[in-house]
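Consider the single chain below, provided in structure tokens and representing the form predicted on its own.
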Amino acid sequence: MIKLGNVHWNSLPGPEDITRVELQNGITVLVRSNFNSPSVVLGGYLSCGSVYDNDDKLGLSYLTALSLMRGTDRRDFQAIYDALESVGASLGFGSSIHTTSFTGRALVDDLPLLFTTLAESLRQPTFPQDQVERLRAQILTALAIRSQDTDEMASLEFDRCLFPSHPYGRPESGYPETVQAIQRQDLIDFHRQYYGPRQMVLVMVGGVEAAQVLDVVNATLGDWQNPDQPESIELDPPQPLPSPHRAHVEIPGKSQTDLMMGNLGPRRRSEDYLPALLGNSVLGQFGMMGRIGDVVREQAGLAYYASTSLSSWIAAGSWEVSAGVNPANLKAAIDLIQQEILRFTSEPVTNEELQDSQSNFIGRLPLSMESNAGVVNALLNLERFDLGLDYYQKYPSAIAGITPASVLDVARKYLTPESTVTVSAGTSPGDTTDV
């Protein structure tokens, strides 16, 4: 049985020191004060992302997010960045499947500037044509580089195969042809339709009182309305494939082939998540990348790297093995990985393996929240996945309560050979079907 030690878990973020307020227009604000810091860190998201992109203009939400600070009704691109840089502040936007996110930081005295810039970018972007074209060129360059990266192309094809006809199977940044098809008016229309305060989340951590944050949020975003903003799309969970799937992406001239193998995994809110998280640590993370790293890389010498990962989102997740191999060793590496997964789904992990991973997860939790940015990310996860304000205070006990039997149960549930996707990218090994 894992011991929790003498750590005061109530010192972690919880209901006692997190202020959570829902504004009338739908914005949820979370604040945690840290008066040991003279600065503040901001994080948040809006309920719009690539889930709203059409296939023929995939990348629209991504390009829209990157364009928000390139010019507004009040200031041009240079004026916005000069104002932030003059006080050492920062603000940026990104986009994912479900959300458009923002992050920022500033000294406490510059809190009004940070929020004024945030509100201006969200509410009054003008999408100047020259700036849109500059961003388009940067994205197309990144996509060209992606097409020659064996790791990225294996990941791209793996998602496409694991999540067929599902938003999780599409790259948020799009493809060259879809990015080329996007017009400036598309950005204007996307912003007008999907950007709004409903289900927006804003988190702030640092040397500031919650009341001060709420005052500035109300002053800059409290009157924001968009009656045409749709409700968030509730995605159906993807279904396991009916049979194993094998694919290869040919990228000539590469000395390394990147391999991805895996299955659907639990969604973040599933009761299977924590047992799968600890199981993943044993299988391919802890120490020298767990059992997979030890057997495939250290003992057999078949891979330059080999590990596993568990990604869990709102509707589903993925549980996968990644490895970089010499093309000549690809089949042998696949066979050995399959053997290790079969062992992992046939017998419980040892008490020692599980307790090592439990101690690691419990011990690193306080370390992950030593910075304001770490706490912001933690609070965003509480809200995004509806985990409850006391989640982190209960987390150590929840981790300690996982058993070898519960790990085995989730391994058998998800790592099923009959629905496994296996994708490689690089120089063809001669035993696969090109895609």
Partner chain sequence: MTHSYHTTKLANGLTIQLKEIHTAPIISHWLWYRVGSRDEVPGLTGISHWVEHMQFKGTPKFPAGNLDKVISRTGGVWNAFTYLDWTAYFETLPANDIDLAIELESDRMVNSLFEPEEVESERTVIISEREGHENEPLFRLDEAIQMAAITVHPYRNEVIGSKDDLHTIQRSDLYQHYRSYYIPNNAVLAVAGDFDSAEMLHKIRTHYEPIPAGELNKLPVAQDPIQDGEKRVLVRGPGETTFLRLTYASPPANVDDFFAFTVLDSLLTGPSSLSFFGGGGISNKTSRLYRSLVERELAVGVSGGLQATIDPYLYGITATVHPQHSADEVLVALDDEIKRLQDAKVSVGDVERAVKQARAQFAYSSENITNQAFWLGFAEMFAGYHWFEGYLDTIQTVSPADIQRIAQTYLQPERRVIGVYLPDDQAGGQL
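Numbering follows the first chain given and starts at 1. Because the structure is a prediction, the values reported are computed rather than measured. Between two forms, the rigid core is the largest collection of C-alphas that superpose within 1.5 Å.
From this point on, the text means the form predicted in complex with its partner chain, which you will not see here.
- Using a 4.5 Å cutoff between non-hydrogen atoms, residue 346 does not count as a contact of its partner chain in the predicted complex.
- Within this chain, residue 169 is remote from the site of its partner chain in the predicted complex, having no heavy atom within 4.5 Å.
- By the criterion of a heavy atom within 4.5 Å, residue 364 is counted among the residues contacting its partner chain in the predicted complex.
- With a 4.5 Å cutoff on heavy atoms, residue 102 does not count as touching its partner chain in the predicted complex; it lies far away.
- Only one of the listed residues (250, 228, 82, 236) places a non-hydrogen atom within 4.5 angstroms of its partner chain in the predicted complex, and that residue is 82.
- For the candidate set 188, 144, 342, 219, a heavy atom within 4.5 Å of its partner chain in the predicted complex is found for exactly one residue, namely 144.
- Of the stretches 272 to 280, 302 to 310, 240 to 248, 160 to 168, only 302 to 310 has residues with a heavy atom within 4.5 Å of its partner chain in the predicted complex.
- For the marked spot (106, 130 and 326), a heavy atom within 4.5 Å of its partner chain in the predicted complex is present in each of the three residues.
- Scanning 78 to 100 for heavy atoms within 4.5 Å of its partner chain in the predicted complex gives 78, 81, 82, 85, 86, 87, 88, 89, 90 in sequence order.
- In the core-superposed comparison between this form and the one not shown, the C-alpha atom of residue 305 has shifted by at least 2 angstroms.
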